[in-house]
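Take a look at this single chain in structure tokens; it is the form predicted alone.
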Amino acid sequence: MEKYPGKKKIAVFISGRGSNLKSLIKFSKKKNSLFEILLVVSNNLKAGGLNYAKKSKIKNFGIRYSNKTKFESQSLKLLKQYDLDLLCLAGFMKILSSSFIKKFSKPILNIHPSLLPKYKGLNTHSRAIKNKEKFAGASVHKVNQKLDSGKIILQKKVKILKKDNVRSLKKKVLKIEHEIYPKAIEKFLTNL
């Protein structure tokens, strides 16, 4: 099943267009990368990210999210088949239950578009602008039972300019997300 023996095996959960997934796939194909992506799961059957997975010949599944318990049990069944080392959430817009986190029993990482512990949850950019923050950024953290509260693996900040609006700030932060997520995964795997 694995193409690159010795590399750590990861799955990625997505909800949308998959730009972070695309950056992870690109990074994973580098010869000296420490990980390979074996599986991509989306709660959105029309997620653009599923196409990146298909093009990269990565097993991918859209699982309808009409019921959280059903989605989580179907996802867990899939994850168990792949003997994974890590699950990465990349723009996955649902909150995993404590039960899922316990049953999966392997580490889960998430990328969040703010400098945690500030601005957990949604609408991070508009909140940062409204509060006249000088910096915004992205954080990769370990997932635990509390929303956006796990141990921070890596962060990077960007300056918020006077001319920035939600759209321009989102674009700047997304660019650094693509840069730090693969690095954070490698850093985390090195210490596993």
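Bear in mind that the values here come from a model prediction, so they are computed numbers and not experimental data. All residue numbers are counted from 1 along the displayed sequence.
The same protein also has a form predicted in complex with a small molecule, omitted here; what follows describes it.
Residue contact check: R17 to the small molecule in the predicted bound form, 4.5 Å heavy atom: Answer yes; at least one heavy atom of R17 falls within 4.5 Å of the small molecule in the predicted bound form.
Give a yes or no for F100: in the predicted bound form, does one of its heavy atoms lie within 4.5 Å of a heavy atom belonging to the small molecule? Outside the cut-off, so no.
Given that the small molecule is not shown alongside this chain, does I111 nevertheless sit within 4.5 Å of it in the predicted bound form, heavy atom to heavy atom? Flag for I111 set to yes.
Can you check whether L174 is within 4.5 Å of the small molecule in the predicted bound form, heavy atom basis? Looking in the predicted bound form, residue contacts with the small molecule include L174, since a heavy atom lies within 4.5 Å.
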